[in-house]
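Given as structure tokens, the chain that follows is alone and in the form predicted alone.
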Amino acid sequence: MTIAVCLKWINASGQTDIDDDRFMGFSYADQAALEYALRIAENTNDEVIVVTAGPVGAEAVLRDAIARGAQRAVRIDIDRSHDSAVIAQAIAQVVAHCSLIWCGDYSSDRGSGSVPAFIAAELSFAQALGLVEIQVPADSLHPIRALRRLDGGRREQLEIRGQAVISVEGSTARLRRASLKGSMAANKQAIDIVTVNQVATETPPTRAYRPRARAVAAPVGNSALDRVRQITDTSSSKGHGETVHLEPREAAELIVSKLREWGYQS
């Protein structure tokens, strides 16, 4: 079987809009994902393939991964500025044959962490995302045991079997050092270049939040001055409270009627 690791070529200096090779690399979360994939491959004799999406400069992270133990590397020739869904579709076409797909839980440039979920959706694989602890099985017959972070400080215990997309936090494992032999071999390693068929996706425009307009009753007054005074009157609070005891259905009807009366609902 084949284990895939998705690596993102990023600027570790924090300057996300500048691709300076002196500061480019891959995140601690991606490093942890690569380390776990290599540990599992050692016990199961599986092949580890590393994949990245980006320009020619992104091949540096692939050669780094090969120096540390990966067997094969693929670079997807695609603009990194694409939406996460488009990037995931491109990666899914390359790793569809893999048994496990390892990713970092999020990158340090955008930080959305949505690509692993998009890949799982594209391939209909199980998802085990945001893992904070992993027990590597001794062989392929046993499941991967993991601990997943939940909201509110809670944790969820998982057993991962079969095809799955797994994302891990950067603090869970430290990537091994590359040997001199591995580094020399990585410089000669051929990297597969793939041009995928991109599926167009429409990204909705992003605008600043604007609350819905309220329907306000027209001011009442005999003269224009009286109506202006009513609109601009701030001398007294117009808020009030009311306590009622009703059945759930009646309470819901009252809430809806009040929202309509106050102009929040048409």
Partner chain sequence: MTDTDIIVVGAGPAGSCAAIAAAKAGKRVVLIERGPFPGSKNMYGGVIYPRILDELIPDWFEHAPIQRWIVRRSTMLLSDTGALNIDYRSNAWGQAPYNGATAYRPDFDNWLAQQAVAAGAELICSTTVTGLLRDAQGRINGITTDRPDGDLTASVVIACDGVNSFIAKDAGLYKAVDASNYTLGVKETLSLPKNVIDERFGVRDNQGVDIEILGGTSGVNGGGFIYTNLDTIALGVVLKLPKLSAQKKRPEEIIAELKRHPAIAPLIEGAEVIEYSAHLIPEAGLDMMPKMVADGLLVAGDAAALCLAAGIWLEGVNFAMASGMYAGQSAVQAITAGNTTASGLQSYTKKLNETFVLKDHKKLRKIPHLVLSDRVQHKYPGFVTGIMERMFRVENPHPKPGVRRILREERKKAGISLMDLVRDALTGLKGFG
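In this text, all values refer to a predicted model and were calculated from it rather than measured experimentally. Positions refer to the first chain, counted from 1.
Below, we refer to the form predicted together with the partner chain, which is not included among the displayed structures.
Comment: the partner chain is not present in this chain, but in the predicted bound form one of 187, 81, 171, 195 has a heavy atom within 4.5 Å of it, namely 187.
The partner is absent here, but in the predicted bound form a heavy atom of 177, alone among 177, 161, 155, 97, sits within 4.5 Å of the partner chain.
Proximity of residue 108 to the partner chain in the predicted bound form: non-hydrogen atoms within 4.5 Å are absent; the residue sits far from the partner. Using a 4.5 angstroms threshold between heavy atoms, residue 183 counts as touching the partner chain in the predicted bound form. Figure note: of the listed segments 129-137, 161-169, 81-89, 187-195, the one touching the partner chain in the predicted bound form, with heavy atoms no more than 4.5 Å away, is 187-195.
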